[in-house]
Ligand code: HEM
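First comes one chain, alone, set out as C-alpha cells in the form predicted alone.
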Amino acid sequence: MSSPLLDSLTTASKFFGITGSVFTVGTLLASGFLMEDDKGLLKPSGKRIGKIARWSAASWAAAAGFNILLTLANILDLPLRQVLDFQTLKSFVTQITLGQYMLFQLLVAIAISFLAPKLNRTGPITFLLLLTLLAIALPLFQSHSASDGSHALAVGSLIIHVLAISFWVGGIFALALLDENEKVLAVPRFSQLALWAAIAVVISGATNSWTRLNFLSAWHSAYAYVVIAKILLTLGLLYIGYQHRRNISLRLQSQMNWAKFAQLASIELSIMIIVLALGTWLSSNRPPLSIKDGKFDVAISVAGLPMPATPSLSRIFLLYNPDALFIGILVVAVALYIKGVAVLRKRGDSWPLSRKVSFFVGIVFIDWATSGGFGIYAHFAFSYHMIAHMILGMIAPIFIILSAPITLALRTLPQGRTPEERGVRGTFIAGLHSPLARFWVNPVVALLIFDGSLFVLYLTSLFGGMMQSQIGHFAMNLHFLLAGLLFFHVIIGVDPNPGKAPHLVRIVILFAAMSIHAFFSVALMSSTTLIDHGYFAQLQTPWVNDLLSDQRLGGSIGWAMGEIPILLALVATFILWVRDDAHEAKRIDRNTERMAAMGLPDELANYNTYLENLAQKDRKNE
C-alpha cells in the first residue's frame, strides 16, 4: 500500500511531466509549422522559439526521470529511497515494458533539449515533433489493463485524447510566446489545427470516459466527479475557441485587438492547465470497477476482448470491436481526403468518381480487418489473422493507391503564406523528392519490406511477442498496411514517384514477389511446430480443434489471397506498359509532323544521318 506522500509526489511528477511534454509539442509546432520560414530555413523568430523548446524539454526530462523512480516505488510498494538501487532500476527500464517506454520518453526529452536550439530547418523540427508525440504515446499503451475489457477502445481513445490535447494546449502556449506581428501569420493557421484538435479531444474524451465508467454506480464516485469537472471545463474551452474563430472570421487580422486576444488566450491557457491537472489525477487513480461474477476470463485477459462465438458469415460481417487508434487514423485520412475533394470542387475542378469509390472501399477494408469481424477473429485463430493480414497488406492498399491520395494532396495543400515560405505543399514536395523518399521507392527496397518482413515476423519469436500486447498488434497491422501501400505504389501507383522504375523492372519484381510469397506460404503449410510461441494455446479457443492445422490453413490462405492481387498487379503493369508505349508513339508522331511542317528533318532522319556519317568515317579509315 503506497503512502499518501508517494501518491502525491507521483501525481505532481506526472503533472509536470505532462505539462513539459505539452509545452515541448507547442514550441516545436510553432517553430516548424506556425512561424514563417524562408524556403525551409527557420527565421530568427523560429529559432527563438526553438531555444525555448530546450527548457520545456529539460523540465519534461527531469519529471520523466523522477517519474521512473516513483512508478517503480509504487510497483514494488517500497519507499522511494529503496528503489535507488542501480540493478533494480536497470531491470525495470530494460526488462519491463512500461520501464522501457518510460526510458525512451526520458531519452527523447533529453535529446530534444540538446537538439532543438541547434536546428535551423523545418524538416528536422518536424521529425523532433513526431518523435515527441511517439514518446508521449508509448507509456499510454500500458495505462489500461486488458483484463478490464474494451482494451483497444480505451487505449486508443486515450492516446488520441492526449495527443489532441498536446496540440491544442501546446499551441495556445506557443501563441503566448509570439509578438503581434508573428501572431498575424500564426493564429489563422493554428485556428484550423485547433478546431480539429478540439473535435478529437471531445470525441476521444467521451469515448474513454464511457469505457471506464460504463455502469451506473460508477458515476457516483470521486473519479466520475473529476471527469464531470473536466467535461465542464472543456466546454468552457470550446466556447473560448469559438470566440477566437469568430473574431478571426469577422475581422481583418490588421484590425484585431491583439491585447484582448492575449487576455482571452491567457484565460484559455489557465483553464487548460487546470484540465491537465485533472487529467493527471485521473491517470494516477484507478476508475471504479464493476464486479460482475468474479470469474477470470482468459480471452479478455490475454486478447483484451471476450471470446467470440464460432465464426459464421453473419458474425464476420456484423461483429465490431472498435480499435480506436486505427479508427482515429482512418477518420483523419477520410477527413483530409474529403477536404481535398471539397477544395477542388470549390475551385471549379472535379475529381474522378472512380477514385472516390476506390478510396472509400480501401478504408472499409482496413476497418474490417482491424475492428470488424476479421479483426476480431484475428486475435483468436491464426487462419483469421492471415485473412486480416492479406486484406491489410494486399487488398486495401490497391484501392488506396488507385485513389491517388498524393496527387490530391499536391493539388489542394495550402501554399506558403508569403512568397518566401515553403508552406505545407512545399514541405510535402520536398519530402517526396528527398533522398530518403527515393530510397523507399526503390523497387528492391519495397520488395524486401513487403515480402522479406514476412520471414522476420513469422519465422522468429517476434510474432508471438507482438500478439501478446496492444501496441504489438497495432504495430503489426500498421506495418502490413504501410508495406502494402509502398509496394503497390511502386508497382502500379498513379501518383508521382521520384524514382519510377521501368515496366520491365516492375514485372521482374512482381514475379519475385510471387515466388517469395509462395515459398513463405509453403513453409507455413509444411510446418511441424507452432510459430506463435503459445499465444493461441493460452486462449483455448473452443472452435479451433488443432492449432497446427489452423496454422497450416493460414499458410494456404496466405498463398491464395496473396497471389491473386499480385497477378492482378502484373496484368495492370502490362496494360500500363502498353499504354505508355502507345502514348510515346503518338508523341513521336506528333513531333515528326511538327518538324516536317517546319521543314526540318525528324528524329528518325537525324538518326539515319548520324549512322551514315559513322559509316563514311569507317570507310575513310579503311
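Start at 1 and count along the sequence shown; that's the residue number. Source: prediction; values computed, not measured.
Below: the form predicted in complex with protoporphyrin IX containing FE (HEM), not depicted.
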Exercise. Hey, with protoporphyrin IX containing FE (HEM) in the predicted complex, do Tyr384, Phe474 and Ser556 all fall inside the 4.5 Å heavy atom range?
Worked result: no
Seminar exercise, completed: Heavy atom within 4.5 Å of protoporphyrin IX containing FE (HEM) in the predicted complex, from candidates Leu454, Val108, Ile165, Leu129, belongs to Ile165
Exercise. Considering Leu175, Leu153, Val490, Val227, which brings a non-hydrogen atom within 4.5 Å of protoporphyrin IX containing FE (HEM) in the predicted complex?
Worked result: Val227
For this session: Pick the stretch from 154-162, 118-126, 406-414, 318-326 whose residues have a heavy atom within 4.5 Å of protoporphyrin IX containing FE (HEM) in the predicted complex.
Result: 154-162
Exercise. Might Ile18 be said to contact protoporphyrin IX containing FE (HEM) in the predicted complex, defining contact as any heavy atom within 4.5 Å?
Worked result: yes
Problem set entry | Arg506: touches protoporphyrin IX containing FE (HEM) in the predicted complex, heavy atom cutoff 4.5 angstroms | no
For this session: Consider His379 of the chain shown here, and say whether it contacts protoporphyrin IX containing FE (HEM) in the predicted complex, taking contact as heavy atoms within 4.5 Å.
Result: no
Exercise. So in the predicted complex, does Gly372 come within 4.5 Å of protoporphyrin IX containing FE (HEM), heavy atom to heavy atom?
Worked result: no
Problem set entry | protoporphyrin IX containing FE (HEM) in the predicted complex - contacting residues of 266-284, heavy atom within 4.5 Å | Met272, Val275, Leu276, Gly279, Thr280, Leu282, Ser283
